[in-house]
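The form predicted on its own is given below as one chain in structure tokens.
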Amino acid sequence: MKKIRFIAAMAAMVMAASTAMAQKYVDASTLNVQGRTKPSQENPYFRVDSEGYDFAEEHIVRYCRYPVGVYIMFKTDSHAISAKWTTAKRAWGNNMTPIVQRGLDLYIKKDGVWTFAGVARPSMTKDVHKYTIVKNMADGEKECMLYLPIWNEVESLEIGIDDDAAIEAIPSPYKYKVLTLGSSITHGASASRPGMIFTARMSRSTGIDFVNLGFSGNCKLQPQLARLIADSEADAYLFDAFSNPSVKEIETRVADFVRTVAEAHPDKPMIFLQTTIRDQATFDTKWAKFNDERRATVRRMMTELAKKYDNVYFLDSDTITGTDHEGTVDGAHPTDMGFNRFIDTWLPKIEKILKKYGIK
């Protein structure tokens, strides 16, 4: 009799565990997809529809499809949140974590603060992924923000919740938008996970949406990028625009680039950041010479342009990621610690300018 009762109890426990783990999946595109500049009809997670811009660089066209800084807003009373998603067939980058390249990053509002809740780890061998991000949560409704990968297209995404739970879209938490164009640093290399790229971190800390237009290695003041920014409405414009172009490209392109954007948005602030001092230049004399020439060219030309245009600002610094050479993963791209220093350097100055325009 005791044996029968034991078996029955074990069966009940197994059934209860099975019930607790039962989930249903919802297409994430039916929720609130945020962080896009020009939504595409082809794919709900593409940042930009590149049609009509005639980008000469294949990488820029591809990066328009990467959901860098894109996030899903929803609320649910589920005790667990999972994800199933597919990504394109792409090679892995060697200076970034798998999670930032193909994974998902979940934040849940706790006591009014967006708080890290967990990541969805991608498969290392397949393009189809499935992972439970967080489980065993307390009863009650949770407001959620799910960041998408920075280094691959997302072809499909489903969010898993308890079988008896509800899920629905919620509005963006941000009132103002700052469109941020830049290099691989803006793109997010080499943060540890999608929610740690500097645009996402500055958004959560300020309540201002810093929308990401990072084009790793390919942000070179091209007229097509200037036209994209000119065609895009925002409350302000932020530029990490000098890490990729050569000295000659800066000299021949920056004035036209600024003019194109300033004429399209004459009353909006345009904030340009000095490029970082590359740690490769510490011992490599050729890099050091290029580094100094480029920064000097940027300083000279942007100082002149900031005088010419009332709403153009240039922020300069020699300590962007620190002076101890410990802030990058490879001499160029910030780690999370490097991004801490990047934000500490720039954000107070950016906020001071934005407040002049009532953006706070």
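Here the structure is a predicted model, which means the values were calculated and not measured. Residue numbers run from 1 along the displayed sequence.
Another form exists, predicted together with a further copy of the same chain; not displayed. Remarks below refer to it.
Not one of K177, A234 and K308 places a heavy atom within 4.5 Å of a further copy of the same chain in the predicted bound form. Contact with a further copy of the same chain, judged by heavy atoms within 4.5 Å in the predicted bound form, is confined among 326-334, 313-321, 27-35, 46-54 to 326-334. Shown alone here, K89 lies farther than 4.5 Å from a further copy of the same chain in the predicted bound form, counting heavy atoms only. By the criterion of a heavy atom within 4.5 Å, P269 is excluded from the residues contacting a further copy of the same chain in the predicted bound form. Residue contact with a further copy of the same chain in the predicted bound form: N340 places a heavy atom within 4.5 Å of it. The shortest heavy atom separation between K130 and a further copy of the same chain in the predicted bound form exceeds 4.5 Å.
Checked against a further copy of the same chain in the predicted bound form, the residues N95, S172, Q224, S156 give one hit for a heavy atom within 4.5 Å, which is N95. Contact with a further copy of the same chain in the predicted bound form, judged by any heavy atom within 4.5 Å, is made by just one of K75, K220, R201, H265: R201. Scanning 100-114 for heavy atoms within 4.5 Å of a further copy of the same chain in the predicted bound form gives Y107, I108, K110 in sequence order.
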